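First, one chain by itself in structure tokens, the form predicted alone.
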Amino acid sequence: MSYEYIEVDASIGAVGAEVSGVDLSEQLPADVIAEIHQAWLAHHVLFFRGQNLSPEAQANFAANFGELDKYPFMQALEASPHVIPIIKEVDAKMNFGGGWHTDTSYQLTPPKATLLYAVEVPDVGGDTLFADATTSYSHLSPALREMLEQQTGVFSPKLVHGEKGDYKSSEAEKNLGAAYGGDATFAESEVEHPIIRTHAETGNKSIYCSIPHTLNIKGWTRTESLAIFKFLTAHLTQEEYVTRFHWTPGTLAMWDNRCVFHHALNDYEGHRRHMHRVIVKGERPA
């Protein structure tokens, strides 16, 4: 695939590409945005290094790809109502976003895009892993794909954010900082989505269920469902589907939650990591 306005390097790993030749702090012409969108659909994750983005500039760039959404469990920055700070302080043990998942899949209309900007990162560690949920799905057996495509998942934030969720201990709340909170009623809510979703723009099918965000397959017990979720997670996170990305300050990553899983590694104890995140509204999974 050739591009006129941007340079795209897809040699970085199994999924994703680095894009250069563009300053995201500027108001970009429609032709440039169209090429970035084309590259994003082709590679699922785009990385832009060497950017200098204020919260407002990050939100303005994200808005080129759809209506911006608000994350339900973190307070936004004063500078922008759509930019949330994700900070792990030096003395924190727990990180935000650990474990393989797609962002807020427990919403009725989950975000299609997440844009994460590195403000401050450790010299060593703090990488993010990205997994291709489309290619990995296509490599399952035809019989298993047929069975999975008939199943509906029950998705909920309760496993993480609910009253008995992973983020409800005093230690977790201390680690996640003062910006963490949210609606307790929504934290216990449930919604149904296909566990295999069809991409609204490409038509490709991808694994969508995850251990932390999917309670069970409809009509199955949690124990029965976990056997499937664990198998699919192990399958899609094999080396042949995964890219490990090392952050540098001023890097923006933009990933497609409809076809990519990610996992923020927590291997930098004693060091600070400061990121800014924006999400773009998507459509109801089908």
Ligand code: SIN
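Position 1 is the first residue in the sequence shown; the rest follow in order. Predicted model only: the values in this text are computed from it and were never measured.
Quick note: we don't show the form predicted in complex with the ligand, though the next part is all about it.
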Although the ligand is absent from this view, report whether residue 116 comes within 4.5 Å of it in the predicted bound form, heavy atoms only. yes
Indicate whether residue 264 is a 4.5 Å heavy atom neighbour of the ligand in the predicted bound form. yes
Quick check on residue 48: any heavy atom within 4.5 Å of the ligand in the predicted bound form? no
Quick one: does residue 128 come within 4.5 Å of the ligand in the predicted bound form, counting heavy atoms only? yes
Would the ligand be touched by all three of 96, 103 and 277 in the predicted bound form, meaning a heavy atom each within 4.5 Å? yes
Candidate stretches 34-42, 223-231, 255-263, 59-67, one within 4.5 Å of the ligand in the predicted bound form by heavy atom: 255-263
For 196-210: residues with a non-hydrogen atom within 4.5 angstroms of the ligand in the predicted bound form? none
